[in-house]
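One chain comes next, on its own, written out as structure tokens in the form predicted on its own.
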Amino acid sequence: MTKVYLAGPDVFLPDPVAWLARKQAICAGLGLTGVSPLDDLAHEPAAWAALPLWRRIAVRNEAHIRGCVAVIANLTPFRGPSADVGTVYEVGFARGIGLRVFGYGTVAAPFLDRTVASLAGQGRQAPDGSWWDADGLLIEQFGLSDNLMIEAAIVASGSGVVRQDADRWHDLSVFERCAQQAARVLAGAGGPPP
């Protein structure tokens, strides 16, 4: 089966093992093997045992990603208007090594709307319609799901971000739609991503 890495802040949920097992079951039903950041790594180098826990997690996740052909990234806003920064790193890492990336989010509002809302009235809109934060810095306004570099990486992979309002940390229907898209694209893929 085709291995896909399941990136996202799901590891911070109260029962991440059960949640990620549900995602892996959805993947299996689509002919994909979902690789969780919490999965053991076969042939993990013995030297890694001497690393501090945070560093072991990082190198293990990178090794998991290298062992896959694609990443399915949960880009649901996490602790702010944007996706989890660790997940964003994994998206960039995957693209950097030539993998396909698929993304989804359970909040449909565009990044601009979420960012302006997070400013709690501290932003301002200029006469030309542009938005600026309290520090006088321009806010991205492309109508995308998140920062343009994240969406560009996914589009360059031959897909798009699947987003829809859903119960952010309890509903897997948006993930399932994204996994279905990944299975279709990967089944027809004859070579590396564009």
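Throughout, we count residues from 1 along the sequence that is shown. These numbers were taken from a predicted model, which means no experiment stands behind them.
A second form of this protein, the form predicted together with a further copy of the same chain, is not displayed here; the remarks below concern that form.
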- [ ] Heavy atom within 4.5 Å of a further copy of the same chain in the predicted complex: which of 166, 68, 144, 30 fits that? Just give me the one.
- [x] 144
- [ ] Indicate whether a further copy of the same chain has at least one heavy atom within 4.5 Å of a heavy atom of residue 140 in the predicted complex.
- [x] yes
Task: 4.5 angstroms heavy atom contact with a further copy of the same chain in the predicted complex for residue 155 - done: yes
Open item on the list: I'd like to check something about residue 135: if you look in the predicted complex, is any of its heavy atoms closer than or equal to 4.5 Å to a heavy atom of a further copy of the same chain?
Closed with: yes
TODO: Determine whether any heavy atom of residue 13 comes within 4.5 Å of a heavy atom of a further copy of the same chain in the predicted complex, and answer yes or no.
DONE: yes
Task: Triplet 19, 105 and 171 all within 4.5 Å of a further copy of the same chain in the predicted complex via a heavy atom - done: no
TODO: Between 89 to 115 and a further copy of the same chain in the predicted complex, list the residues on our side with a heavy atom within 4.5 Å.
DONE: 89, 90, 91, 92, 93, 95, 96, 97, 115
